[in-house]
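Only one chain is included here, represented as structure tokens and corresponding to the form predicted alone.
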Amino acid sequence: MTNEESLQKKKNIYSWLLSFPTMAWLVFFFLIPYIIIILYSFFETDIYDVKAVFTLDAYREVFSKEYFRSFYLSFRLATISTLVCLILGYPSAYLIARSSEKVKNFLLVLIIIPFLTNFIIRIFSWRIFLSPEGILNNLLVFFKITDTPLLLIRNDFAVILVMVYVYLPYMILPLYSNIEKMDFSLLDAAMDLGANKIKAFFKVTLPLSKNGILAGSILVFIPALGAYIIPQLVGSQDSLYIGQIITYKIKNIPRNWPLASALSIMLLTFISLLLVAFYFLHIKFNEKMVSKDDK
């Protein structure tokens, strides 16, 4: 064995040793629990536990109309929340990226501040704010905008509003990180070549920020798809999202752990397929941009 091969072998060993704690953590806290969930999804339900009897009943029940509606509602919620976060987050990220260093740091601190408050407390504050006796309704009645308090909570509007509030920073930060690295002299070059500001944005800024858009969309869409706490605290029981269904099947008696496991597996499969689709769309988009540059 040559010295170069020996050195490479040592590097490989050191790499494995350095990655071992992370791999062990992922296996113990992620892989093993998912294996248990997969096994439970094929078991037979009992009142408080499961019976180790192989059956496909849980997967047959998953494809019923009731659970299809919950998947649809969750997908709609995640899509709307992601689009609203993108519409609000992109201008915010662009403004921060183009600001001076002092203003930039101040705005970033404002975005990060909500993370210093407990997640549940922030949602409860929205419950108080949107309730019929809350601050918003009191102001609307005081200024004669409405005669009676509006129903601003326990509906889909409240869920989307709070969802956007919670996940908007997850959209802004990746976009800001991507836009900040952009060469803004390209915008001046585009306008020198005859493009106006709008055309320069769509031809230069937007394509160059696609990685930030993709990262922010994934960070918002995936947790919003399986959300439980926000729909449970501010949503209506008439619109049960898939995260709520899974929780109810686990904690309510009779417990149905196999069905909850099957729903979790279907949700995981759906998210995985979406990520694969996003990945191939990203590659296709890059290839298209490269082909345009070559022409």
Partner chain sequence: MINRPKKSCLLNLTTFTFVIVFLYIPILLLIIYSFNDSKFISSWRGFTFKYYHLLFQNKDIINSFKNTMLIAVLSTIFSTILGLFSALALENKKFKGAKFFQGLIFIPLIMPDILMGVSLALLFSFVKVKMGMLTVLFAHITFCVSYTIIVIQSRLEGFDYNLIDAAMDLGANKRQIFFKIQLPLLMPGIIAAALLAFTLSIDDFMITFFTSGRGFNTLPVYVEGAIRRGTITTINALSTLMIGLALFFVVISKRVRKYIINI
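Positions refer to the first chain, counted from 1. Here the rigid core means the biggest group of C-alpha atoms that line up within 1.5 Å when the two forms are laid on top of each other. These numbers were taken from a predicted model, which means no experiment stands behind them.
What follows is about the form predicted in complex with its partner chain, which we do not show.
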**Study point:** Listed residue (56, 47, 53, 27) with a non-hydrogen atom within 4.5 angstroms of its partner chain in the model of the complex
**Key:** 27
Exercise for review: Classify residue 203 as contacting or not contacting its partner chain in the model of the complex by the rule of any non-hydrogen atom within 4.5 angstroms, answering yes or no.
Suggested key: no
Check your understanding: Any chance residue 60 has a heavy atom within 4.5 Å of its partner chain in the model of the complex?
Key -> no
Review point. Should residue 80 be classed as touching its partner chain in the model of the complex when contacts are defined as heavy atoms within 4.5 Å?
Key: no
Check your understanding: With a 4.5 Å heavy atom cut-off, would you call residue 165 a contact of its partner chain in the model of the complex?
Key -> yes
Practice item. Choose one stretch from 205-213, 94-102, 140-148, 67-75: the one whose residues place a heavy atom within 4.5 angstroms of its partner chain in the model of the complex. Key: 94-102
Exercise for review: Determine the residues of 23-39 with a heavy atom within 4.5 Å of its partner chain in the model of the complex and present them in sequence order; the list may be empty.
Suggested key: 23, 25, 26, 27, 28, 29, 30, 31, 32, 33, 34, 36, 37, 39
Check your understanding: For residue 24, is the C-alpha shift between the shown form and the other one 2 Å or more after core superposition?
Key -> yes
Point to revise | residue 276 C-alpha shift between the shown form and the other one of 2 Å or more, rigid core reference | key: no
